[in-house]
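First, one chain by itself in structure tokens, the form predicted alone.
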Amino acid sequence: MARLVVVSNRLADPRKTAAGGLAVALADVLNSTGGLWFGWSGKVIEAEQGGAPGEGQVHVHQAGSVKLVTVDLSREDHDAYYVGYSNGVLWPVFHYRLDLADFDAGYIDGYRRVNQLFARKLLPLLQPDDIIWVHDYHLIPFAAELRALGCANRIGFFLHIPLPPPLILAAIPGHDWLIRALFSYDLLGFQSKADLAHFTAYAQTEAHAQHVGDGRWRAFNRTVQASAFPIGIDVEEFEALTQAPEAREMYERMKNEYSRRKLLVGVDRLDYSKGLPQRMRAFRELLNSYPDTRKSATLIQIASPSREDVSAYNDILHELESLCGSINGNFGELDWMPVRYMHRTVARARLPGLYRASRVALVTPLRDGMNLVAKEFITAQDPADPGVLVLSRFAGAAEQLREALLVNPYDTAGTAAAIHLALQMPLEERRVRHQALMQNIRRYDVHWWCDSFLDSLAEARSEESGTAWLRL
């Protein structure tokens, strides 16, 4: 079996399940192939410490049979590549927020410089038959930079966030350069059929690519395969977590503390893509329009810190705090607060207990690549008395989880009505919906995602001609 080389902005020890979904998904194949995981170390070296743009020290750490290789970044590279271009341009545009994108700062040079740095550092570590799997928007041009150095390995790319429609994508200065870079891969993976459709529409209208059958597109003297691979969760691992002591203790505590209430739960990063202010307005509308929910419904909203050095996140933090305070001030009683808001991270081991104790989960992003909280909530439920998932139609998960109550988060009254329906839903209907949702989540779990992508990459046919690799 060929060795797997994973490339991502950040990496984790695949031996530790707490490392997160990507580490869990890749652990088996990395361990079985003696694989290599490559990315940024998380260290930023200041100029006075010798941090020069385009340079970085390499660190190698052995994690069992897996080699972890990381590279430090200079302050200038970090600010341009990570803060500036990845999160100041690509993240907002890919989530349809052109108004928040910083197009004029010239970060693209640093973005390409870091991708070149990573390519130079990884190339000497590669073996001829390695399979390379690159992850997410930070590394779109990575394969093109490897190709420019002579790398002929099979390379796949998976985009974890949404891909916008062509006209939104075309707002990025140099958008044609980004898409040209994608054609240096052998396989492109997207979270949803909608994202795949946006890529194919762009390929046809902007890149004038030729469709050569079976999801394959040819442009720039390269042929790339493009498919949708919706990411899942490790169902067995999360079910075990739900039965573990920390989750059970959380469940019992929530059931006791809120024995006279119906709990609603939201668990999100504090990000403008998550639709948290819109969610709070819908909850306020619920209390205003459906008096039976007053003193009976309590929303626990966890908003973990995220990129707090960016002004847009401070704005949404203040708006969210204002809305929560207003709701509690206008509707709260001495013995009941409608909203319990926490701006901090809750340990992953405790979340399944909170999910299981909740009658309704609110997963209502304005745009999301997938959203695994939706799948975790369903998995944590008691099949005999399950809760109800209220899910934004703009989350990638909505393509799969059709038995959830799908809502438009911009429609305040409609979302409030769906939440009320969820709170009143009869037991038998809840059971039927939960059973259907679990069948889908089990079938398309994280191992299916990993295996199906790598199988497709192994079969992807490369038809390179010429040397038209990425050039600005």
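Nothing here was measured: the structure is a model prediction, and the numbers come from that model. Position 1 is the first residue in the sequence shown; the rest follow in order.
A second form of this protein, the form predicted in complex with a small molecule, is not displayed here; the remarks below concern that form.
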Q: Could you tell me which stretch in 208 to 216, 292 to 300, 366 to 374, 170 to 178 has residues with non-hydrogen atoms within 4.5 Å of the small molecule in the model of the complex?
A: 366 to 374
**Q.** in the model of the complex, the one of Tyr272, Phe118, Trp91, Phe190 near the small molecule [non-hydrogen atom within 4.5 angstroms]
**A.** Trp91
Q.
By the heavy atom within 4.5 Å rule, which residue out of Arg284, Arg75, His160, His198 makes contact with the small molecule in the model of the complex?
A. His160
Q) Can any non-hydrogen atom of Ile140 be found within 4.5 angstroms of the small molecule in the model of the complex? A) no
Q | Distance check, Val346 to the small molecule in the model of the complex, heavy atom within 4.5 Å | A | yes
Q: Could you confirm whether Tyr82 comes within 4.5 Å of the small molecule in the model of the complex, counting heavy atoms only?
A: no
(Q) I'd like to know if Tyr202 sits close to the small molecule in the model of the complex, meaning any non-hydrogen atom pair within 4.5 angstroms. (A) no
(Q) Is it true that Val267, Ser304 and Leu351, all three, sit within 4.5 Å of the small molecule in the model of the complex, judged by heavy atoms? (A) yes
